[in-house]
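Let's start with one chain on its own, the form predicted alone, as structure tokens.
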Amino acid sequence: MVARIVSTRTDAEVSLADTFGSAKATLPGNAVVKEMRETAFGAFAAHGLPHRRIEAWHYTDLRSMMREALPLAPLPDVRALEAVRVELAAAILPAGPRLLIVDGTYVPTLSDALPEGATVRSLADVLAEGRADLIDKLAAAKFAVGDSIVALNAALMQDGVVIEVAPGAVIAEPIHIVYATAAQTPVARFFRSLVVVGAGAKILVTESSLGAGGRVGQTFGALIFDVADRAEVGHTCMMTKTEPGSLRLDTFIAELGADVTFSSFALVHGEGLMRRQLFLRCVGDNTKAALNGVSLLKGRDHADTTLDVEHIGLGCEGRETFRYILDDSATGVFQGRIRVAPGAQKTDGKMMSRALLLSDDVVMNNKPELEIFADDVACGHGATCGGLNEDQLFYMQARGISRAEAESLLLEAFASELADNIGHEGLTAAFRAEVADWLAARTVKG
């Protein structure tokens, strides 16, 4: 009798192993980076795609949801880049330099120069050069330990940008990282970018997608911030208009020094499967950090926001506020954990998730957590789910406003409030316009 070996790996996991095996020789990086890639893929292979038995992925069972792994995106050719250039020229973006990443590859010819005090290089060049300090920051080994998707991104990262901001530099306009796609068929793209902010510097970085960029196929992205003392950093992300059947997994990582002011806001809406996971460490004293986001979900959308905030320094303040609007048969996930290390006294941390449920068929999963190992702290969390306030709707209808318009006004106020705290008029207007478009589409459908 001949024994038969039955593989426990899924088709997607087998395809990812084949992709790494065939692509690793051509992926950028020196010998140290190539070893790092091998180690990262080994970590992925040991765990496979995350599933519901892994606590952080309990509500987003990727092993069952990701049925196939698409081929790695090829380098965009001249014809494809011309189409992106035309689309970029027609795009309406707030003022500021644009850095184009097309199918995972940074394209300098479509990008703008950065102002004095900031420099940008392609990830591929940095990996080939092998500068030890930058490679260490890109590896982000202290974050997301055991997370197989972060490991997969490290193994297959094709390109991205590395931005360095000089100490004391003030960059007046936001730097736009714009994702676009040129492939004619669905592909998988892997990019990883790093922003190193010097002491006392000030910068605002935004992420958005151009046309179908990052909205079709499979996207595995990572953005890492390394922020020195006394810096002021803002960040925004539009994770919007993904297409049916698409998959987008974004990882956001930030390490903050002392006396830093840091804020991040994200708008999430679209079809398919979306997950943003955020890892933030306040290592210096007296730092203030805010993570905010809004998810607008309808149809069978699935959007997962999972965050891990670690306080290590003294006297730090953390504010995490996330809001959801769910309609039809959509599924929302919010998982948030605040960790206070031993000795991180005077930590002030607050986390809140609020969801408006517009249908009996929606699902909202909330799981806030606190892990506190210091005795002089003020930390708390909360989560609410409910419908629109009928008293407010009645009040508005009594003054001649239709119920549909009254609902839209209340929903717009609920969704747009957090965008008002971005601190940049042009970006706030852009986010408000996205919210208005989503609400208008919902009204037309209704």
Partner chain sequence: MLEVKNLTVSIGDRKILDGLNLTVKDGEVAAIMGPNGTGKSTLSYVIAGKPDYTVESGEVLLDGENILEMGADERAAKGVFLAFQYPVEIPGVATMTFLKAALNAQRRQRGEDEMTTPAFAKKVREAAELLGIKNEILKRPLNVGFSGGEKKRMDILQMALLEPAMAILDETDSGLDIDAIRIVAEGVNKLRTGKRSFLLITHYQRLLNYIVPDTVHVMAQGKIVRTGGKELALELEKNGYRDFVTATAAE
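It should be emphasised that the depicted structure is a prediction, and the values quoted were computed from it without experimental measurement. Residue numbers count along the first chain shown, from 1.
The next section is about a form of this same protein that is not shown, the form predicted in complex with its partner chain.
> Is residue 68 close to its partner chain in the predicted bound form, meaning a heavy atom pair under 4.5 Å apart or at it?
Replying inline: Residue-level check for residue 68: no, no contact with its partner chain.
> So, in the predicted bound form, is residue 399 in contact with its partner chain at a 4.5 angstroms heavy atom limit?
Replying inline: Judged by the heavy-atom cut-off of 4.5 Å, residue 399 is in contact with its partner chain in the predicted bound form.
>> With a cut-off of 4.5 Å between heavy atoms, is residue 45 one of the residues that contacts its partner chain in the predicted bound form?
In response: The answer is no: residue 45 has no heavy atom within 4.5 Å of its partner chain.
>> I'd like to check something about residue 413: if you look in the predicted bound form, is any of its heavy atoms closer than or equal to 4.5 Å to a heavy atom of its partner chain?
In response: Contact with its partner chain, yes.
> Just one of 35, 420, 55, 391 has a heavy atom within 4.5 Å of its partner chain in the predicted bound form. Which one?
Replying inline: Looking at 35, 420, 55, 391 one by one, just 391 meets the 4.5 Å heavy-atom criterion.
>> So, a 4.5 angstroms cut-off on heavy atom distances: do all three of 279, 283 and 308 pass it with respect to its partner chain in the predicted bound form?
In response: Negative, none of the three is within 4.5 Å.
> Using a 4.5 Å heavy atom cut-off, which stretch among 59-67, 45-53, 403-411, 24-32 contacts its partner chain in the predicted bound form?
Replying inline: Careful reading of the contacts points to 403-411.
> Though the partner is not shown here, which residues of 224-243 have a heavy atom within 4.5 Å of its partner chain in the predicted bound form?
Replying inline: Contacts from 224-243: none.
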